[in-house]
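The chain below stands alone, shown as structure tokens; this is the form predicted on its own.
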Amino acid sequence: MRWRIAAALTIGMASTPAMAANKVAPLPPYVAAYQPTNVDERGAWMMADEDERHLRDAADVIRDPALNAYVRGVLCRTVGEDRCKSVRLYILRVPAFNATMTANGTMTIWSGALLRLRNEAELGAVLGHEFGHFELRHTLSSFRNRRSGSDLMAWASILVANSGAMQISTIGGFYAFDRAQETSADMIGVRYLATSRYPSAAAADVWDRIMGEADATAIGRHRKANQKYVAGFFATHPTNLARATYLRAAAQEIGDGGSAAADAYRAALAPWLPTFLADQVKLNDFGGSEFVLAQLAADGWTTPLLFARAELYRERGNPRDLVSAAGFYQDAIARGDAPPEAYRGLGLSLLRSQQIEPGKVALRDYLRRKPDAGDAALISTLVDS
């Protein structure tokens, strides 16, 4: 499905959400409580229902009522209350940037995405994109496309001599179809943002930072950073650069404004930030994690961010990393609200840097602050050695 954006009426004119809403075509009428109507749809729904039954009891699901209510609230404010009612939303504790949508209305967003997003508008962009797949029935379309393509290849292999070129062309059609769906979901996601309280430019901001993180990961692993504008033959999604470019152009043409609600987003995520940061540090992605931390610290280094950065450097463990880690631990401790584990990390970093006595002092502080720690016996052997 394609949609059109009317040209801006006056360059330089102050924009409001109401004005921006007038610049986009109306959203299609939404059919509430849509039910499968044919064999294909019933099959896709049955598979999605079975997957959701497993998901509902999965250990990775974050069940915090406050966080779930907040994320759902952003979804509803982005796509509207009527559309929002058709979605069952699950937050998964997975430290990677992703969100998913199935045919039966099951939406997931991963903790790695929540960590990387900066405000409600960006969260709305991600959730709106996924809802776009649902509203445009992409799961069902993909199922039909792949089934008809598979049938074509099967018949071609029997009836057509040298059918390899036809099969390659058909396979290419699978991926091109997926890329077209991603693009249409991107664009209807911008359309949801333009008619909500959030600025539509948020969608492009997300992809700009994803590219930055990918480059940082590559450099951290001593590889060449590479961003392509054209997707490869087997790519299921448009390139990050292409998405950032066409989403930015669409937002500029809409020219809307509105608050991204960054403060509210930080407040809602604050109870989970230390957990999400700890999961990120364990990914063994020094360059990417350093990039994520720097982005989160754009408005200043907080205690959780300093502690996570210290853990990141201590985990890599080069001699200079240990010096840096000790400094970050000390900065976190100086703020007065560091967890006991900051003293543990400081002590271990100092010991590995041959600063034996200061290291033991920090470890004694850790044991005093957390006497029932699971590693208390082990740490005690280091202090007494």
Partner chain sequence: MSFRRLGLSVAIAAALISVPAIAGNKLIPAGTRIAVAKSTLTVQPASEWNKLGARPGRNAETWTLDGDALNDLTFYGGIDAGKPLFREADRKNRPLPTVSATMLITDIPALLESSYRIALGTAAMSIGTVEPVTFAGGKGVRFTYAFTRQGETLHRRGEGRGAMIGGRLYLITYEAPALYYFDRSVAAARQVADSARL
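Residue numbers count along the first chain shown, from 1. Everything numeric here is computed off the predicted structure, so don't read it as measured data.
Below, we refer to the form predicted together with the partner chain, which is not included among the displayed structures.
- The candidate stretches are 281-289, 125-133, 298-306, 182-190, and the one lying within 4.5 Å of the partner chain in the predicted complex by heavy atoms is 281-289.
- Contact annotation for the candidate site: A66, A244 and A249 all lie away from the partner chain in the predicted complex (no heavy atom within 4.5 Å).
- Proximity of R223 to the partner chain in the predicted complex falls within the 4.5 Å heavy atom cutoff.
- Although the partner is absent here, V383 lies well away from the partner chain in the predicted complex, with no heavy atom inside 4.5 Å.
- Not displayed here, the partner chain is kept clear of D208 by more than 4.5 Å at the level of heavy atoms in the predicted complex.
- G258 falls outside the set of residues with a heavy atom inside 4.5 Å of the partner chain in the predicted complex.
- With the partner omitted from this view, the residue of V87, V94, C76, A262 that lies near the partner chain in the predicted complex is V94 [heavy atom within 4.5 Å].
- Comment: the partner chain is not present in this chain, but in the predicted complex one of E50, D337, D60, D40 has a heavy atom within 4.5 Å of it, namely D60.
- Contacts with the partner chain in the predicted complex, taken as any heavy atom within 4.5 Å, map within 360-385 to G374, D375, A377, L378, I379, T381, L382, S385.
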